[in-house]
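Single chain ahead, by itself, as structure tokens, in the form predicted alone.
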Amino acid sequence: MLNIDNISFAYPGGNPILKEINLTLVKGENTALVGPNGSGKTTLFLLCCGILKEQAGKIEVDGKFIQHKKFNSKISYLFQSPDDQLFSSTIFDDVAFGPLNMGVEKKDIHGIVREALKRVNSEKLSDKSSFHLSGGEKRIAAIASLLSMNPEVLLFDEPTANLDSRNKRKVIELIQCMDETLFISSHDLEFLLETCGRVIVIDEGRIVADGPIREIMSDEELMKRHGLEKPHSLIPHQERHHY
């Protein structure tokens, strides 16, 4: 569904931040992307949806090449902050924005918005302003604004950042019910263990590991070598004896 072929990228005047990245995501697969700060995770996502332009290589979504600054309805990007994604007077208008700009007829918009909000169990937010929502509600509404465009691939950049445990659980349950192809970047490794079956580790612009998430994250030496910690849930519990 998503094919990244030999992608390299550097910001103007800087050193290469991505170096010959190659990977393929299978339809319906949830894949985690992890690595230390500055390893190129967000840059890779911005390239995948055409916001940035690669210096070498190519990216395909469902067989169609991604072009710089050209909208592709097959792929959608969830920004780290929902405040960068929600800008209309109501959540209804935010969720309707994408389909309207894709040329969907106005008579069909209400049903599309209702269905997108229903998928995230947030129909009650329709007439509210994002300024009056909690952080968790904003995150869910931002996801609905992506779903309304019926994408095949969703890029989630730190989807649980700044969420409390209750709202994090809502995001987890939502992701577990989705059938789109998901590529999820997060520093919350326990969250990724619950939502993804595969993990890609990136460091200094290169993929250093790719495989089953529990197998790779259980490799404490590998994780430490690339600025990460083995998740607590994968550390064998040692029973304490009291005398």
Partner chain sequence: MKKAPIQFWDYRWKLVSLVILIFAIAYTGKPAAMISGLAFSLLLTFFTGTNPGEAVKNLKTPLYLLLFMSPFIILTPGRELLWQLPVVKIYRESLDLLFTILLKSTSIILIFNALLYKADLTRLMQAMKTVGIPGKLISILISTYRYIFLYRKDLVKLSIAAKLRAHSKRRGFSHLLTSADIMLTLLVRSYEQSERVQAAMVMRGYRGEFYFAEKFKSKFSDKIISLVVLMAATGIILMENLC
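Keep in mind that what you see is a predicted model, and the values were worked out from it rather than measured. Numbering follows the first chain given and starts at 1.
The following text describes the form predicted in complex with the partner chain, which does not appear among the structures shown.
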### Query
For this chain shown on its own, do E190, I207 and K230 all sit within 4.5 Å of the partner chain in the model of the complex, going by heavy atoms?
no
Exactly one listed stretch (194-202, 44-52, 210-218, 170-178) reaches within 4.5 angstroms of the partner chain in the model of the complex by non-hydrogen atoms, and it is 44-52
E123: touches the partner chain in the model of the complex, heavy atom cutoff 4.5 angstroms = no
- Message: With a cut-off of 4.5 Å between heavy atoms, is E152 one of the residues that contacts the partner chain in the model of the complex?
- Response: no
query: Are any of the heavy atoms in R166 no more than 4.5 Å from a heavy atom of the partner chain in the model of the complex?
result: no
May I ask you to state whether A161 is within 4.5 Å of the partner chain in the model of the complex, using heavy atom distances?
-> no
Those residues of 162-179 with a non-hydrogen atom no more than 4.5 Å from the partner chain in the model of the complex are none
